[in-house]
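One chain follows as structure tokens, the form predicted on its own.
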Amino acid sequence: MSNRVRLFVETSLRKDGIIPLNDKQMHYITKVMRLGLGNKLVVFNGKDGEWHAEIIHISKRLCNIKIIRFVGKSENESDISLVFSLLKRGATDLLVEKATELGVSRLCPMISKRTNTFKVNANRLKAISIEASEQCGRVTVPIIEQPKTLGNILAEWPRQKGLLFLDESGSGKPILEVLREKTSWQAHAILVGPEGGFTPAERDKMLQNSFIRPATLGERLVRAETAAISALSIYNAIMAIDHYKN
């Protein structure tokens, strides 16, 4: 963990650039983190890496920061996506936050037969992912796609990108075994279903696709958000081991 103050901005980043903060950012910097004139922070925008910045102006309604120098880009950003059936608000918020912390590059909300909500506040989910990126040290923010039906996701999915399906029926191989298989298939995304699980027809439809591999997390039935977080943690652990070996 780090005590550095990090801030996501929408502006392009370059040396000596001046960035006015919006009201929410100004409140966070001056009221929550208690930074003042001359204090330093780190900024990122998801594409230009991290930069050191300095607060150069504070007034009642305005706070400007100046970009000082380039810090660097992350070398180990993940390329894993998460396809998840929409959950109740609190569970969806938690899932977006933790998936961001675990390095997901793309979040793909899904609508299936047993999905229990169809409402998505894209601005709120983006705000959650930005805050999580600021806190965990990421220099990118995951892309959040518009919700799609399971049928549309399967029809549009790139066939060369493997999709790991968390099969609550327990008939899949253990997830560790699937992820470690020495084949041409590689997981580019993890798919988790709704709280009530997929219908038999949905499961059969998914397993008709060669790019999908079913996997199990064990004998216990866990909440959808728990399953997603567990699977992403296992995936990250494998990637870290492989990176260390190389």
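Since this is a predicted model, take the numbers as computed values, not measurements. Residue numbers run from 1 along the displayed sequence.
The next section is about a form of this same protein that is not shown, the form predicted together with another copy of the chain.
Q.
At 4.5 Å between heavy atoms, is Lys73 in contact with another copy of the chain in the model of the complex?
A. Answer no; every heavy atom of Lys73 is more than 4.5 Å from another copy of the chain in the model of the complex.
**Q.** Close approach of Lys126 to another copy of the chain in the model of the complex, 4.5 Å, heavy atom
**A.** Close contact is absent here: in the model of the complex, Lys126 is far from another copy of the chain, nothing within 4.5 Å, heavy atoms only.
(Q) Residue-level contact is defined here as any heavy atom of the residue lying within 4.5 Å of another copy of the chain in the model of the complex; does Gly151 satisfy this criterion? (A) Judged by the heavy-atom cut-off of 4.5 Å, Gly151 is well away from another copy of the chain in the model of the complex.
Q. Would Arg223 count as a contact of another copy of the chain in the model of the complex, using a 4.5 angstroms cut-off between non-hydrogen atoms?
A. So Arg223 counts as contacting another copy of the chain.
Q. Counting only non-hydrogen atoms, which stretch in 201-209, 28-36, 176-184, 64-72 is within 4.5 Å of another copy of the chain in the model of the complex?
A. In short, 176-184.
Q | Triplet Gln135, Glu219 and Ser233 all within 4.5 Å of another copy of the chain in the model of the complex via a heavy atom | A | Yes: Gln135, Glu219 and Ser233 each sit within 4.5 Å of another copy of the chain in the model of the complex.
Q: Scan 90-104 and write down, in order along the chain, each residue with a heavy atom lying within 4.5 Å of another copy of the chain in the model of the complex.
A: Heavy-atom contacts to another copy of the chain in the model of the complex: Leu94, Glu97, Lys98, Glu101, Leu102, Gly103.
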